[in-house]
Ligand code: HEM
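Given next, in C-alpha cells, is a single chain: the form predicted on its own.
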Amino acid sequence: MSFTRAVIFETLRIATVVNGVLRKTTQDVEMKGFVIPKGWRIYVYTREINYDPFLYPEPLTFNPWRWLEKNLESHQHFMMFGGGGRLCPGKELGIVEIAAFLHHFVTRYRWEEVGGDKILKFPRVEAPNGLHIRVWDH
C-alpha cells in the first residue's frame, strides 16, 4: 500500500491540519541579524514549508508520485506529524486508519460531488460551504 501512503502524505501536505507551533524562547536567539529575546513567545508557521517550490516542485499540484520518487518522509522539513522529540506517537496508527478507510471507500463505494460548491486551494484547501457528495454502494 505504498501508493496509498503517498496519497495520504500528499493530502496532508496540501491540506495541512496544523498551521504551525507556538514556542517560548529559553534563551536569546539570533536570526539573520535580529535578536528574539529570552521568554518571548513565537509562532512558527510550518504550513509554508509544504508550499516551498524548492522542496516540492509545483507545490499547488496534487502529486502523490513525488512521495514514491524520493523518501521525503525522512527529510527534516517533513512535519505533518511533528518532528524530533515531538513526533506524534500515533503517526503509524493514524496512517493505517486512514488507509483502511480509503481502501474500503474506494473498493466498495462510488461517489460524486453534488452542489458544485467551490473548493479553495490557497492559502489552504477548504470548501467554504462544505463539500457535499452522494455515496452509493456498487
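Residue indices: 1-based, along the sequence shown. Bear in mind the structure is a predicted one, so any value in this text is a computation, not a measurement. So that the term is clear: the rigid core is the largest set of C-alpha atoms that superpose within 1.5 Å between two forms.
In what follows, reference is made to the form predicted together with ligand HEM, a form of this protein that is not presented.
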property	result
Interface membership of Leu68, ligand HEM in the predicted bound form, 4.5 Å heavy atom rule	no
Ligand HEM contact at Val35 in the predicted bound form, heavy atom, 4.5 Å	no
Proximity of Glu48 to ligand HEM in the predicted bound form, heavy atoms at 4.5 Å	no
4.5 angstroms heavy atom contact with ligand HEM in the predicted bound form for Leu55	no
Contact segment among 60-68, 26-34, 106-114, 93-101, judged by heavy atoms lying within 4.5 Å of ligand HEM in the predicted bound form	93-101
Core fit, then Val21 C-alpha moves 2 Å or more between the shown form and the other one	yes
